[in-house]
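Consider the single chain below, provided in structure tokens and representing the form predicted alone.
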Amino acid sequence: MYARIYGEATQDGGPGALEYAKPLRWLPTTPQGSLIIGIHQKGSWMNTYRKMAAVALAAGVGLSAAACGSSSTKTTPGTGGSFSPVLDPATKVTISIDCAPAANKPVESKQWADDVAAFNKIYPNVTINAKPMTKCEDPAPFTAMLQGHTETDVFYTYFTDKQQVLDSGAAADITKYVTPQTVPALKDIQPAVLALNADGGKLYGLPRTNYTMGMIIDRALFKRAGLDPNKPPTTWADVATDAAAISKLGNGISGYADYSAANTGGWHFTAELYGLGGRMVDSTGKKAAFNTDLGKQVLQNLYDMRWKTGGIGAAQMIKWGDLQAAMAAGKLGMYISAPDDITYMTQTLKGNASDYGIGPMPGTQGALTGGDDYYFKKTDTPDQIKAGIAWLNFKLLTPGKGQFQYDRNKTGGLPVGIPEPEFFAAGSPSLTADNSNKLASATLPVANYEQFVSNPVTPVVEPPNAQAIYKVLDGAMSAVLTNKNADVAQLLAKAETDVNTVLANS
């Protein structure tokens, strides 16, 4: 058996700050499937995005046996003998799962029902009890669910929930169930993404979506301001110049805007710091690392656009939803975000799809990555785990099916074309097939996203205790955007103290 090793990666920053590396070669595994591996660490950023991470392996994705398939995993379903990860179609089993589309999304709800029906043609004895949700996770109810052990058999989480889920003891180890037999596209999923669902050599979940952040622009405003919409700014100096030009259009138009409330300010501070090459926490995950020249630069960039160069308008204390509404109304030139904001502005806010483009994260030294996934309840039976994996593979992980059935999305009036999710590796058959299918059914102007797709930036995961850290940094973000006398150094020093307290108590 063989497993691919990826070399020259770093783990610079907080736990899970994944760096990417060039594929080196296939290496043999032991007869038991354990990968014989040595990691060469290097203190510089790698300059490719979708290439795999040695850190993913070092972080504990012990999938070599599953990925290769040992003799113990080749038993034909229903024939008895040694363990097989594959669900026998004759097995009668019921699973509950949350984050099904709610009634306010009739197209997605119908697709879910159609997919269940198609799935049941393969597995006629599996009953899927779906829990529709208008919002898949609220922090307080989610924590209460974990504490009360009231999860569904297959339950939805954000990537950043991993430690909370594992600490609660709620998750089942699914390592031996996830193989190329049960997830045929497994070999094409970035190891770094799988690592976000792994701990201590064990796999606990499977990805649903993921993203990296970039700069969303209003192409129409760029043209009116005499700027090239095919060249979104990639440095903060250029952001300031372009923002000032757009703001001069007047009529309440702001060239750039940023969050500063409801934890979103700290989230964007983190994203902008990553873009410059900084980190929020040190390598231990127990000490703040943002009170640096790079951290000061993040706040100074915003302060200068607000008070000196005129690129940011007077409306402040902005939270999620406000920026999207402003751009959909033609009042905002650009802001940083994940690509799916384009879907939201087009589908929900009825904005003009041709107006929106996206480029790489300014600074281009790192891009905040995030996403969501599904875990399996600790008390699930083996057959429930097998059934859950079979369903997730059908619905979420197979090009041309489920969430990747773009012709169906087009027929249903859903936007098609944004570069997300991003968990298939560059050059892999799954990504090639997915891109081809997406292009064939695109309803969005995919050419508008070319700069983002062609200039990938190294993804970096959110810091530990992200929401608590973001809440602290909201104060620094709001201060530089509302107070002309704000002192950047003092704001970061106080934030550093407060975040260190958060980390010490976590």
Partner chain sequence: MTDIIEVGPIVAAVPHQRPRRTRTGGLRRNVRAHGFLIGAVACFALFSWYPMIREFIMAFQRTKRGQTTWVGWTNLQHITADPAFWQAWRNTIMYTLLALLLGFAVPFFVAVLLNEFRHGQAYLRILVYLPVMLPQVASTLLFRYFYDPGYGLFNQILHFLSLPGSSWLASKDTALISVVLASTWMNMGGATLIYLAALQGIPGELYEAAELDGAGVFRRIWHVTIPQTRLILSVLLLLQIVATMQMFTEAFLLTGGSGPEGSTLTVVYLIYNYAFNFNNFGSAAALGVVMLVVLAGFSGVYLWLERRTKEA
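Take the two forms, find the largest set of C-alpha atoms that superpose within 1.5 Å, and that set is the rigid core. Numbering follows the first chain given and starts at 1. This is a predicted model, so every value here is computed, not measured.
Another form exists, predicted in complex with the partner chain; not displayed. Remarks below refer to it.
> Of the residues T284, T348, Q164, Q300, which one places a heavy atom within 4.5 Å of the partner chain in the predicted bound form?
Checking each option against the partner chain in the predicted bound form, the one that comes within 4.5 Å is Q164.
> Only one of L294, A353, V116, A262 gets a heavy atom within 4.5 Å of the partner chain in the predicted bound form. Which one?
Selected residue: A262.
> Hey, with the partner chain in the predicted bound form, do N104, R219 and D407 all fall inside the 4.5 Å heavy atom range?
So, no: the whole triplet misses the partner chain.
> Heavy atoms within 4.5 Å of the partner chain in the predicted bound form: does Q147 have any?
Yes, Q147 sits close enough to the partner chain in the predicted bound form that at least one of its heavy atoms falls within 4.5 Å.
> Residue-level question: is A90 within 4.5 Å of the partner chain in the predicted bound form, judged on heavy atoms?
No - in the predicted bound form, heavy atoms of A90 and the partner chain never come within 4.5 Å of each other.
> Could you tell me if L444 has a non-hydrogen atom within 4.5 Å of the partner chain in the predicted bound form?
Flag for L444 set to no.
> Can P139 be called a contact residue for the partner chain in the predicted bound form at 4.5 Å between heavy atoms?
Yes, contact at 4.5 Å.
> Which of 182-190, 312-320, 411-419, 93-101 has heavy atoms within 4.5 Å of the partner chain in the predicted bound form?
Result of the contact check: 312-320.
> Where, within 443-473, is there a heavy atom within 4.5 Å of the partner chain in the predicted bound form? Residue list please.
Heavy-atom contacts to the partner chain in the predicted bound form: Q467, A468, K471.
> Could you check, with the core superposed, whether the Cα atom of D355 shifts 2 Å or more between this form and the one not shown?
Comparing forms between this form and the one not shown, the D355 CA shifts below 2 Å.
> Is there a C-alpha shift of 2 Å or more at S168 between this form and the one not shown once the rigid core is superposed?
Yes, because once the rigid core is superposed, the C-alpha of S168 moves 2 Å or more between this form and the one not shown.
> Does P124 count as moved between this form and the one not shown, where moved means a C-alpha shift of 2 angstroms or more after fitting the rigid core?
Where the cores coincide, P124 shows only a C-alpha shift between this form and the one not shown that is less than 2 Å.
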